[in-house]
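Just the one chain here, the form predicted on its own, laid out as structure tokens.
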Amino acid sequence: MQNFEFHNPVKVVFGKGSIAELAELVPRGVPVLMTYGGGSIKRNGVYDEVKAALRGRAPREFGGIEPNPRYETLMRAVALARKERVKFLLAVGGGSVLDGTKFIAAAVPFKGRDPWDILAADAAVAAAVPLGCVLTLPATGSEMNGGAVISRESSREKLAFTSPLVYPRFSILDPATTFSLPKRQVTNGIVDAFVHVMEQYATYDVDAPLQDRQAEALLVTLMEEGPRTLKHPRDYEARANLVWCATQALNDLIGCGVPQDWATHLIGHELTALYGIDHAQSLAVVLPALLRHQRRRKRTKLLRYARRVMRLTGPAGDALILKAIAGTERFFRAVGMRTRLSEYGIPAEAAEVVAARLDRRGVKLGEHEDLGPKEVAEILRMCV
């Protein structure tokens, strides 16, 4: 197992009625900016619950943060936060709202030329406005980590940054707030969490059996609880298990001391930026192809995956690995996700376009950091 440093200061408040805890968690006597998305929190009652918990206080509000939050939108929030001298941010919504709020937190005190440099030029985050969140969509795991992914419409880019300074001070997770989510968003969350785990698990063996089994437990639970949630949308226990899986999938724990891949995400980000498909949709397209392409380098872990997660038997060879990957693709389809570029109307030439964009930025792909434009194009041609 490799050396690592674990840093995760988030206080998680989990369960029914937990939004009421905001009364004690949000600091008093300082200007607060509440951020949210397209208004679903006003339709499902979450907005009213938050306002009730903060009765007697008057937080400023900024709505309209998009799925795949846009830099252009977020900079308007930055201007508002600076004008109002905001000292605390409260994100209410899904992972996109929280990701956008993390960027706002880092951008408000940023002293450089342009806050976009935090993403495009790896500019240091020297300070950040503290933040907390009320999560309403299990998917990204952003509620328990210091990462965020932001899109820029003008350049059709989708980039990420990480900083311990943007870890939420607290995250409220009430599974009941997810009951009203459309099926598409639930499906996206299931697939997003699943692929987060695979990016940290399906690499190469470094004798880390605990992390492997933690990852396998998450994958198996997602395969069980995801379909159950879709079949019984108001099953609280299924929702609770799904929410907790999504949080655990990307809270830094299963990635401690093990190599990580993230090529599926980086390729997927380009598909989202260029062609507008949902983040999780891009992941469901890319992951099976990437695993097939890299199956010999990932052989040991994929055989383990075949036996422990997909529960397959048979000789330890290529056929078993391919059967496990096919099972992964069937699982994605079973929860309502398409897995081919053509099913989203994305042309075959996307393979070369995406490969060239990643190459121009000098992005290092894969756990060995050696997948170049040739390999990216080959993987995407397998997705057609």
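Since we're looking at a predicted model, the values are computed, not measured. All residue numbers refer to positions in the sequence shown, first residue = 1.
Just so you know, the form predicted in complex with 5,6-dihydroxy-NADP exists too; it's not on screen, but the next bit is about it.
Out of the listed residues P347, G45, G39, P27, G39 is the one that sits within 4.5 Å of 5,6-dihydroxy-NADP in the predicted bound form by at least one heavy atom. Between 5,6-dihydroxy-NADP and the residues L90, V309, V286, L250, the one pair within 4.5 Å by heavy atoms in the predicted bound form involves L250. Contact check for T339: no non-hydrogen atom falls within 4.5 Å of 5,6-dihydroxy-NADP in the predicted bound form. Not displayed here, 5,6-dihydroxy-NADP is approached by H265 to within 4.5 Å at the level of heavy atoms in the predicted bound form. In the predicted bound form, 5,6-dihydroxy-NADP sits within 4.5 Å of a heavy atom belonging to Q185. Although the partner is absent here, T178 lies within 4.5 Å of 5,6-dihydroxy-NADP in the predicted bound form, judged by heavy atoms. Residues placing heavy atoms within 4.5 Å of 5,6-dihydroxy-NADP in the predicted bound form fall in a single listed stretch, namely 135-143, out of 223-231, 73-81, 135-143, 206-214. Using a 4.5 angstroms heavy atom cutoff to 5,6-dihydroxy-NADP in the predicted bound form, all of I65, N68 and D99 count as contacting. Counting a residue when any of its non-hydrogen atoms is within 4.5 Å of 5,6-dihydroxy-NADP in the predicted bound form, there are no hits in 312-342.
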